[in-house]
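Taking the form predicted on its own, here's one chain by itself in structure tokens.
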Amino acid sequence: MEQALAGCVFSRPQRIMLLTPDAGLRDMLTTLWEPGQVEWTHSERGRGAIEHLFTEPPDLLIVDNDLPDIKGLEVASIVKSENVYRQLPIILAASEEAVAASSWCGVEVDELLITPSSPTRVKALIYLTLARASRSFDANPLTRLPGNSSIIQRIQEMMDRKEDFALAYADLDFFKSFNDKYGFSRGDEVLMMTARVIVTTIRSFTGVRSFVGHVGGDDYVFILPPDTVEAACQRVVESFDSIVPHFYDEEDRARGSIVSTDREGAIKTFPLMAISIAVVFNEGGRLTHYGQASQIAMSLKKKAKENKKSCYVLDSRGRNAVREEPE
């Protein structure tokens, strides 16, 4: 297990604040990672450290329940009571006896570190806590899908492992005009619907490695094996086109268009929303950086958007294909 954990590294140095009077615990924790991977801030007392924490918030707070001036649980409560810092992950270090004697109802800590504990278990606990917090911070607040940082990380990891995959970038056409006419609330409903359509479609391909992310606004990505992605695009287009008309008022739905303002403020007629999907294939280690995939996708999306209907564009080592749903 120790050998496996040696591969647990962070994409950037993590800032961890440790509050404990226990020199043994401090020495064990601060030697878990190589220098440069974690930046430790240590204090034996709680009250002064809280002010420093609010001034320079860390990525993780580890607090000993037996501080000399204030209980660790009280430190956690103070930190979590500040709305700005509620998402800061906190690990409480406590003995088995203290855990058994305490009531944990309403306690706002994210993990318990039972002391004493082995370095291997502690390292795993810290790494998993930071990884979970990172996913939570990055998640799109509306759809809860992984956000841009997680998307980039996943793409780059697959490229580094030289995995074959298809990366699909999807976005909505005429979404802004819909938002301008019907308001942000109904616009958010469309974004949620789109996320559900994509997630449900990708989940239907069982037994394959897949991923769905929400870049932001009306931009999404999904990753599938190359031999399944076209079928997924077909299903996404079909499902989206069958559902999206129901978000329009009956009159607009019957007419197949709406009257709204364009980006220059001019009144224009716009078609019903459509979804455009650009698919980039990475096979045989063709691409080495996520920026290459993004650049290819941008040119493909321009081609897709020439079509006013929902469609998808495939690009694979010089093989181009455009598909659209029939009338």
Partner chain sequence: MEEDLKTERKGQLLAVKDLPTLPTVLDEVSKLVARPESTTEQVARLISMDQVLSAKVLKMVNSPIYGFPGRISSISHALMLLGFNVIRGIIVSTSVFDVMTKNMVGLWEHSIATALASSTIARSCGLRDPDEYSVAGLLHDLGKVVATVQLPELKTAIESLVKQKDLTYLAAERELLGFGHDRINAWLAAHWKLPPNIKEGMDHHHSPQTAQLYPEMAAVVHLADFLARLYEFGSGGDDNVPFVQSEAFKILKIKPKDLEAICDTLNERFVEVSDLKFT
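Residue numbers count along the first chain shown, from 1. On a predicted model such as this, the values are computed, not experimentally measured, just so you know.
Only in words, not in the display: the form predicted together with the partner chain, which the text now covers.
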For the chain seen here without its partner, which of 67-75, 186-194, 104-112, 225-233 has a heavy atom within 4.5 Å of the partner chain in the model of the complex?
186-194
Whether F247 contacts the partner chain in the model of the complex should be assessed with a 4.5 Å heavy atom distance threshold; does it?
yes
Decide whether A124 counts as a contact residue for the partner chain in the model of the complex under a heavy atom distance cut-off of 4.5 Å.
no
Exercise: A254 in contact with the partner chain in the model of the complex, heavy atom 4.5 Å:
yes
Does the partner chain get within 4.5 angstroms of any non-hydrogen atom of I243 in the model of the complex?
yes
Just one of S239, N148, S134, Q156 has a heavy atom within 4.5 angstroms of the partner chain in the model of the complex, so which one?
S239
